[in-house]
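Form predicted alone, single chain, as structure tokens, below.
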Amino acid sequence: MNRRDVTTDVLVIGAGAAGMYAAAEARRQGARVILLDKSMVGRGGATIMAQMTVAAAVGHAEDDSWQLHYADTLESGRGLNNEQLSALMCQDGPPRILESWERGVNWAQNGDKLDQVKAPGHSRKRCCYVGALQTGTGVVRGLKKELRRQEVESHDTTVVTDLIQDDQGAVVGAAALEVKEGVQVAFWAPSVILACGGLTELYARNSASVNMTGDAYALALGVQADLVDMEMVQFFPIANLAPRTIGLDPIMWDPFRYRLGGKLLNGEGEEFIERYAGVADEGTYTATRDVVTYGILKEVEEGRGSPAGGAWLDFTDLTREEIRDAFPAAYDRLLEQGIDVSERAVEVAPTAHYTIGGVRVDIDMRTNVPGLFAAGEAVGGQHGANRLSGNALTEAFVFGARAGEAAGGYAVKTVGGTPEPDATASAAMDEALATIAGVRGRNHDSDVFLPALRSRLKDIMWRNVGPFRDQDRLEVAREQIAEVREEFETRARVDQREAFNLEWQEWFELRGMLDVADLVRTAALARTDSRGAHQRDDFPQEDERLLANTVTRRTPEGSLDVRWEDVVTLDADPASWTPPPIDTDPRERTPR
């Protein structure tokens, strides 16, 4: 076996904004830190794709407070928010934004203050941005400067396959495949942070990068960590469908509509939202996202969709000058690609956009498994049943910083560095690395290819566990996921090459995707009402008896156990609440 052993104090898995922030903060605690990404640091995942805004009540555009941001977040969450996490995100958002500004994130300015705009669902102008549709790249550029200043060690093209536990059940490391050289790597660390959230690649239509395969949730399942509200996957209704664009966020039509209006039309040229919302849309974009998603899909189902299977979005009542004044960079980029929205309508359709559920953590980003933390989109609970626009990168900054500080303090102050692995951990690592080695060349003469199986799974999820669900479709998904899993386990082909063997990586990605697909399906079957991002055709109303969180854990026997837990409340007046100091010795505490 081509094996390498590496020790550190804190291992951060995933190098988007949350992972980079976590790595920098852990390093500031005096911890040795390694930052991993299966792509390239800052280039994979969701952050680099973000082109819109980041919500933080810094009050530069108008009077604002974190309590007002918190109230907006709870209203959007339909009663399911973990109020402590929501409050932490909103209160710590402004200082993190200002801190990132000092560290090199080039936020758009209005004089000597940050320029802020009002995004859907917010009561104030509190959303910051970097240039025109350049927020993600600006954030990455600034945070990478901080990593260099902190001298954080990073590893690209490194795929974590399993977390490793000792005889007390604590996570003490991770087994990984370094794809460039084809090396199996044993990472040993008393603190591990999951910052590789997002599962939108599970769906045939999605707005994120192809490496958003649900790795954090699969790894958490493997060590019996709790996951919360995994049925809550946010679908964005008017993502770009046709013509295809290059270098533009597929959800960019959202700010276009809020600023410019536009008409949403079916394939027959009719405005149709009134059929589903009860009121006419008439270019005002007042209908909620779930209603618009439902309306578009129903029009397509009944034969009134646009040619590519969506709806028309029409700005042709506006002049070139009006559109360019609102979005100069985006409009010019569209013109470069032969698309003039002042002269022709575009086609839009719903797409999987964001994972609202995730790993269940406490206020210090600790899971129920000692030594394991989570940050960013990997975390669930803070958004409730619907994520408010602009809160994604806010949680990445805030939760990344909190996780890094807590994990660094735990490794340095509580554990006192990287201990020698015990017999249980050593055996588990040997087994995980042997599995990695055994996958290469598996069924190399088979005609069952991993991309085909992955495509089948994505179609299953889109058709049966997509924007709208019911019991029959969820049961069909159970059977079809099992069929794909059986073919994957017995016949899936993996190339025999050692270096740059992407099929080797894809095998582990699909293994995790199958686990996470069944996780989402199981939670969706358990929640027999419709609330926010989760919509059941057979239970179309909110059920106040289900005003609680689903919490799912894999049992030692391998099945999924779903239980209901009360929503975590703030238990304090937001006017005076402050987050408690980080507990550096939490060994007796479980997350609430």
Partner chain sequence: MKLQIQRQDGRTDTYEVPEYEGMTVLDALMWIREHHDPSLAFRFACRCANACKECIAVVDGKRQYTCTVAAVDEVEVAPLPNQPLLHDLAVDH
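Numbering follows the first chain given and starts at 1. On a predicted model such as this, the values are computed, not experimentally measured, just so you know.
This next part talks about the form predicted together with the partner chain, which is not shown.
From the list 323-331, 247-255, 299-307, 162-170, the contact stretch for the partner chain in the model of the complex under a 4.5 Å heavy atom rule is 247-255. In the model of the complex, the partner chain sits beyond 4.5 Å of every heavy atom of residue 532.
For residue 101, no non-hydrogen atom is located within 4.5 Å of the partner chain in the model of the complex, even though that partner is not displayed. Taking the partner from the other structure, the partner chain in the model of the complex has a heavy atom within 4.5 Å of a heavy atom of residue 451. Of the heavy atoms in residue 476, none are within 4.5 Å of the partner chain in the model of the complex. Residue in contact with the partner chain in the model of the complex (any heavy atom within 4.5 Å), chosen from 115, 495, 153, 274: 495. Shown without its partner, this chain lists 362, 503, 405, 290 as candidates; in the model of the complex, only 503 has a non-hydrogen atom within 4.5 angstroms of the partner chain.
In sequence order, 201, 206, 208, 209, 210, 211 are the residues of 185-213 having a heavy atom within 4.5 Å of the partner chain in the model of the complex; the partner itself is omitted from this view.
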